[in-house]
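Shown below, as structure tokens, is a lone chain in the form predicted on its own; questions about how it binds or moves come after it.
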Amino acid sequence: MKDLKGLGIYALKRIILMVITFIIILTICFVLIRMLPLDPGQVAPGTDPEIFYRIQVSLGRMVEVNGEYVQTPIIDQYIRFWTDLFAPQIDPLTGQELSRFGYSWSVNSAGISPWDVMVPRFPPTILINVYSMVFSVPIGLLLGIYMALKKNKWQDHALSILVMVVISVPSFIYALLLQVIDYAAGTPLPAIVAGIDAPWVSSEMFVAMILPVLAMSFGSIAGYSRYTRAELTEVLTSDFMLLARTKGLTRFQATVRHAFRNSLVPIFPMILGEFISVLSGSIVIEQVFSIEGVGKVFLQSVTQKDYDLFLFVGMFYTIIGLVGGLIVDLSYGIVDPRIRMGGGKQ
């Protein structure tokens, strides 16, 4: 009961700090973005400038002075931002509710809420990351166990060199190599996901996701195997492993029942953190394989100066990172009951 109370207090402190951190990051990003010039020719190409300026005035970002539109002070825009977030305003001309998060002009010349842009992009981003985890986690763990059991033998040395090489190469290099190999070998695997008319959860889409999943998995497999080898090697040399062997357990039984479970203490939170962050996607991989996911939207918002969409996606990534970090910290006390939040080991 005391441990649960301590965990609850620790979680509450972390949540408060997480909210404060988010507000600070949001404020900095908001100020920097709103200091940029609002030129409809660059921000909203193809949009009627009058429509663009009218919406900016309705959102409190600009005012008309002597026939010219000028930006309102940043502090006024910041106050209006929080006001619209909890109590959105009504457009006086159309009578429709204004978007809480501003408008994206790069996706729709008439202006569309960043939330409406993001929602259709969640399925492909989630799928490619989930498929990558399902593929890389078991292979990485098994490879790490094998390397630990073959410590200092030629198999361990060879795999350790291979792991370091794989980790050192960026994932987009694997993506490009896989596309080249796919084209040269003439395999039926599509090198580009865009244009495939099939449900996201289907056998056809699963086949289309094989190359990007492989490109994302190589680095993860190498990382999991390296961490598993390091932790398991240390546990295998512990005194309690010698005791387990003297009680009659085989090396395999002692490794599976005792050593592997103890080595998962630092590894499991890493896996859990990656699972929580699946929504963050892989920006470069999605761009290389033309996957219409969250990462591609983020790049699009940067290259096309879509300020509201950029701020929304940036804050989305920030939330995912902060929540993932919180859950990983809390998971340590669940995986290893000896660990007390904020108090070390008992």
Partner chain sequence: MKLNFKNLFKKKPHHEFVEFNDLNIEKTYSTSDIKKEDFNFTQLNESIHDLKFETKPISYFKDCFLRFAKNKASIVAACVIGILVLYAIIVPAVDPKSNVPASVNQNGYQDSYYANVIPKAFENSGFWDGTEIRDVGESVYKVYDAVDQEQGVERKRIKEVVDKFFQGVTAPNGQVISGSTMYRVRYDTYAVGNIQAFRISNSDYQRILDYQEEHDVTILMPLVDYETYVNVEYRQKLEEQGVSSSTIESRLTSIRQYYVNGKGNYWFKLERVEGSSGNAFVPVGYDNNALEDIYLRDSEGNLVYSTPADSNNLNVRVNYEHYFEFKYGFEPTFLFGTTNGGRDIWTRLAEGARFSLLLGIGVSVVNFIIGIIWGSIAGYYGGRVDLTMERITDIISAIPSIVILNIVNTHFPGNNVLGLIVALILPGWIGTASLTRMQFYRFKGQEYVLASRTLGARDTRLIFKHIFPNAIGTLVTSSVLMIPSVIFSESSLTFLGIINLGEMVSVGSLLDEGQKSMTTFPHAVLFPALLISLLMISFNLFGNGLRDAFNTTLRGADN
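Residue numbers count along the first chain shown, from 1. Remember, it's a predicted structure, so these values are computed and weren't measured experimentally.
The same protein also has a form predicted together with the partner chain, omitted here; what follows describes it.
Asker: Exactly one residue in M164, V207, V265, I139 has a non-hydrogen atom within 4.5 Å of the partner chain in the predicted bound form; which is it?
Answerer: None of the others qualify; the residue that does is M164.
Asker: Could you spot which one of M270, L177, A230, L249 gets a heavy atom to within 4.5 Å of the partner chain in the predicted bound form?
Answerer: Answer to the contact question: L177.
Asker: All three of S168, I173 and Y183 touching the partner chain in the predicted bound form at 4.5 Å, heavy atom to heavy atom?
Answerer: Spot residues vs the partner chain: full contact, yes.
Asker: Quick one: does L322 come within 4.5 Å of the partner chain in the predicted bound form, counting heavy atoms only?
Answerer: Yes.
Asker: Against the partner chain in the predicted bound form, would S58 count as a contact residue? Criterion: heavy atoms within 4.5 Å.
Answerer: No, S58 stays farther than 4.5 Å from the partner chain in the predicted bound form.
Asker: Using a 4.5 angstroms cut-off on non-hydrogen atoms, would Y317 count as touching the partner chain in the predicted bound form?
Answerer: Because a heavy atom of Y317 falls inside 4.5 Å of the partner chain in the predicted bound form, the answer is yes.
Asker: If we define contact as a non-hydrogen atom of the residue within 4.5 angstroms of the partner, is I16 a contact of the partner chain in the predicted bound form?
Answerer: Although the partner chain is absent here, I16 would stay clear of it in the predicted bound form, with no heavy atoms inside 4.5 Å.
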